[in-house]
Structures are given as C-alpha cells and as structure tokens.
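Read the single chain below, which is given as structure tokens and is the form predicted alone.
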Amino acid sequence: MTAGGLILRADKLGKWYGNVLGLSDVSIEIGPGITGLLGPNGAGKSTFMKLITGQLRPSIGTVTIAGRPVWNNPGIFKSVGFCPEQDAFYEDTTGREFLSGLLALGGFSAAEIRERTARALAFVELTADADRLIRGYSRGMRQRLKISQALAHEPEVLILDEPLNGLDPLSKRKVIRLIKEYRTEGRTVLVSSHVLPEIEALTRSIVLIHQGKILAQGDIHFIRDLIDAHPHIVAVRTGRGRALAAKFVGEDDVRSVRFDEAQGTVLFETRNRDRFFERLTGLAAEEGWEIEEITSPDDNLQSVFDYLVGK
C-alpha cells in the first residue's frame, strides 16, 4: 500500500476501439473503503473496470495498484478480485466445483482450496446449495456465486461490475450486506451501477462517469444536492389517484401533475422533494388514504449528467 493508504491510481487513462471512444483522459485515485462508480449504460464503467483489472491494454495512460502496474503483470491478480456484469459459468458444474477449479488455477494447495471454497460459499450464503448444478441456480444465487469467486482468494481490491443488476429486492439486500462486510480490514471495493439509490445504499463516496469521462468525485450528498436543484419525478400509486392529484395542483413546489388512470398512478414533478414527501405523508394520514407504492422512475440522474456536461 502506498503512502496515505492509496490503493488504486489511474493516470491520464484512455481507451479507443478503432474510432470509438471508450474512455478518455481519466485520472483518479481510489483508496480503502467502498467507492461507487455511477453512470448511465454506455458511460464507460465496464471499460474502466476492465482496464484496472488488466483485461484491456490502455491506449494511453497507466493504471497502478499499490504502486505496481496492472497491465501485463500477472502477479497483481492475487491482489485483485473481479465480478463481471455478464455471467460466465460452466453450467454443468456445481457451485463448489466451479469455485474450487478457479482456486486451483490460482495455485492454492488442495487443503487451501477446500478451506477457501467453504469459507467463500458460507460468506455468500450458498453452503446449502454448493453441490447443486449452476444451471439450476436463481439469478440471485448466480450473482452471489460470482461475488464468491471474486473474493475467495481474499484480494486487497474487489471490483464489482453492476452486481445488483436484475436482482429482486431481497437478493439486492443480501448482496449489499455482503459488499459492506468485505470492506473491513482496509480493503478497497469499487462498485459500478447506473442506479443512484443502489450506490447510495452502499457508500457515500462516489465517482460520476459519463461518455467515457470522469465528471465528478466526492460525497453522495454532493450528488443529492445536484438532484434537488432539478425537477424530481415521483410516481405514487393509490386507489385515490384523482383526489390525490387534485390536492397538489397549484402547489408552488409542484411543476406538473399527470394521472395514469390505467395504472392508478400519479406522476408528480417537484423541485422540493423533501417538502413534497412531507405533504404527501401528511395528506395520506389526514384523509386515511392507502398509498400502495411510491417510486422515483430514474431518480432524475440523467438531468444531473446533463447539468454537469453543460447541456
């Protein structure tokens, strides 16, 4: 580990695919703890992660971990664990066989393989399903198995590419808990997502990436402040949708109200989210209305990116 606890550094990093820009002039330092890499689909998150895990050769610039270069340096892989976004399993092996095989490729002894396999499967709560064929695993189980192979060798740096994508709420909570547990002992965890609430549930330290460039790096509250400066969309589903919509028409902090009768959903556009939710909960209590669901379709993330790039 370098001075100040720094683990990962990219310096003027760039990657091109022919004439297509994948990543441009990225200089960033990431230390211990969990850092969220946040950006819309196609922003360059996966390219960045493949570069810092040595899977791609930079077109320009360098990547180092603890001061050691990543590209063409197989020795660094003992310090790095990677969970890709896409599945890449041997479907006719069991979870235990899959994990044991990867550890064998890492040069561990038979005793170490047994111990590490059991420990990694227990960590992701797959012990009971360890001897089932992977083709019979649910989406959540497959995602946890990918995480187990990334951490079985106990790396200092854990890289997770969209680990929550496609999971049901229960599986998301399990994976979030696992990620938070692994950050102990000064380890570095980098997690990518295109969904702000997912990153917000994991960490306060974020990096915003858009069109292959780093737009901002800092505390999650900085992003929340940007979001609150823009109109925020909230969808409310209730059996009293028309009555609810009528209550908010003309409110200073509500820019627009739309009612979807088929879905029983009211879409509100507000500049003051906190005030809106305070009034919404107050009304529901006063009127005795049942609110079935409250969602924010995209958490207005795109407006933040548009703002930062000057659109």
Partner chain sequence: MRIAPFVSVYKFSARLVRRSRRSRLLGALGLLPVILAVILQITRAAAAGGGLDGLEVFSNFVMGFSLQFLVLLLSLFFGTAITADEVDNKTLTYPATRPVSKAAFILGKYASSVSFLLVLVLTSTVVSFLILMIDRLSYGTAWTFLGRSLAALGFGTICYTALFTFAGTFLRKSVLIGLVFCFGWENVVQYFPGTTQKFTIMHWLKSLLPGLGAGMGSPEGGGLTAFLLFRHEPSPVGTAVAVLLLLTAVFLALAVAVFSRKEYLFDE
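Fair warning: this is a prediction, and the values are worked out from it, not measured in the lab. Numbering follows the first chain given and starts at 1.
The form predicted together with the partner chain is left out here; the points below concern that form.
- The partner chain in the predicted complex comes within 4.5 Å of a heavy atom belonging to F98.
- The partner chain is not shown here, and in the predicted complex it never comes within 4.5 Å of any heavy atom of P231.
- Taking non-hydrogen atoms only, A111 never approaches the partner chain to within 4.5 angstroms in the predicted complex.
- Contact between R57 and the partner chain in the predicted complex is found at the 4.5 Å heavy atom cutoff.
- Against the partner chain in the predicted complex, the set T184, T188 and F222 makes no contact: no member has a heavy atom within 4.5 Å.
- Partner proximity in the predicted complex, defined as non-hydrogen atoms within 4.5 angstroms of the partner chain, places exactly one of 174-182, 205-213, 81-89, 191-199 at the interface: 81-89.
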